[in-house]
Ligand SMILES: Cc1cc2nc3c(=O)[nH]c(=O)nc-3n(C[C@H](O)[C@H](O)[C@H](O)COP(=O)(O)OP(=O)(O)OC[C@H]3O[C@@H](n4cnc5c(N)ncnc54)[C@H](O)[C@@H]3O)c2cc1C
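First, one chain by itself: the form predicted on its own, in structure tokens.
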Amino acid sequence: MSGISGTSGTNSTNSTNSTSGTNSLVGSVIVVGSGPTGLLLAGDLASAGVPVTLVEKRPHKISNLSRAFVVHARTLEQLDARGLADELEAVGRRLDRLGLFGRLTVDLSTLPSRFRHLLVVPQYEVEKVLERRAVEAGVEFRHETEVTGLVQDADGVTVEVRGPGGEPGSLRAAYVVGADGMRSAVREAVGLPFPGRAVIRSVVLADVRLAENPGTLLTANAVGDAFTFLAPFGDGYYRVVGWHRGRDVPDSEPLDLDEIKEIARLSLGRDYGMHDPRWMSRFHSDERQVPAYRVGRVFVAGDAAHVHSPAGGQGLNTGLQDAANLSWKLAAVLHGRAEEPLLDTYQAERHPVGRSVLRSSGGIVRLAMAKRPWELGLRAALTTFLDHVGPARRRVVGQITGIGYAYGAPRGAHRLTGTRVPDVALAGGRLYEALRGGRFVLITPEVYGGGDGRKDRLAVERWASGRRTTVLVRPDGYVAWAAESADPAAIERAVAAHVG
């Protein structure tokens, strides 16, 4: 395996190495974008022994002005499988109930998960732990380096870049993943369209201090032509998200605190004494999704693949789950343990989830924007229905939290195939601890002797209970294969097919 010319041993997060010349590394990956999606993906790959270069056009600085501040149960499970969830739980604030439109209470305390709540924690805290993990795993960071184009061939991808001093250069890898946001340079370089439209304009954002405590962890309401959402960062500041139907102006229109306070008074009945804003911005919310998450050796993930309204707090979470789905597949192919078609399952599994998130978040924001009598009547009827019909409510909660999604399974497969596995008890501990290290986990009621030669990629566990089902769990916590027996020959065939 050849090395990167002139860059060996560089893992610094503020690396400013020259980008002149072509750097080539067989079996490597270039990840573009150092937001949560890119950091998780890069950290996973490096932890699996894949050489990774993470390219970011911004200087090295984790901003405290990021929009996301909600981490849902399924994402916490993915972070738990990397040993990171408890650290974030310690700095975030848990919320086990959500109120919508004054009529519907969503109870998260009954979720079939170790994390029966959502976690209110700023995105920068998530980025801190993910960046630390990526650095420790050996990811090479190139900040102030902008992608200007790329070319694919049969053996890899050459990425044209512009370095910190404006000097041109190129990087080369087996695969490239664009996790570089809504205005993705990677997506544009491969010619992927980003169809969709703006669903709500002139949304205002601000981080402010409050003179009065709202009394609830998350405060939200929609009245008439306005809605407002308040959430604490934990450092004395609150994030305010607001909108007023009559204030449809361009994103460039100046924004002041008086406008934000007025929107809050209209929708919440008071502004809680907002003062000392450290940041204010105006933006519009789009619903867009690329038709293909893969073009040859190039993939897109997170906001580069899909954007939607902030309703439901699903953006950061969906991107992190994209990364968790793709990373182990890339590692398996690059290590020769799986064939190339495995990478096509990223599109097959994650594109439908992205489409569903667009629909659910869009539905919430349209209900919040309801104005006409029939729209308000529909909102009232729908929330009443969900409040009284348990299966429908659980389906909505499963979509928002991410734990309700399952992936397609081949015809004739066991009913568990493709489903998410909760953090079940094992004889040697719990599942999400066993998943740490990016391995498959085989859970079987009998002793399986075929795992010794695969210890780097397979953990063999037994049920803590007397359950007789045999389950092979993928590194991202979904069932790869299952059977109601512990037939050694069948288990060996499944392990050979999926684990290698």
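Residue numbers run from 1 along the displayed sequence. Quick caveat, the model's predicted, so the values are computed rather than measured.
One more form of this protein should be noted, the form predicted in complex with the named molecule, which is absent from this view; the next part is about it.
Stretch 143-151 is the answer when you ask which of 423-431, 355-363, 193-201, 143-151 has residues with heavy atoms within 4.5 Å of the named molecule in the predicted bound form. In terms of contact with the named molecule in the predicted bound form, the residue from Arg239, His414, Arg297, Arg172 that brings a heavy atom within 4.5 Å is Arg239. Of the candidates Gln78, Asn325, Asn317, Thr228, Asn317 is the one whose heavy atoms come within 4.5 Å of the named molecule in the predicted bound form; the others do not. Residue contact check for Asn221: none of its heavy atoms lie within 4.5 Å of the named molecule in the predicted bound form. Remark: Asp44 does not count among the residues lining the named molecule in the predicted bound form, judged by a heavy atom distance of 4.5 Å or less. In the predicted bound form, the named molecule stays beyond 4.5 Å of every heavy atom belonging to Arg457. When the named molecule is considered in the predicted bound form, Ile30 lies well away from it, no heavy atom lying within 4.5 Å. Contact residues in stretch 471-500 (any heavy atom within 4.5 Å of the named molecule, taken in the predicted bound form) are absent; none meets the cut-off.
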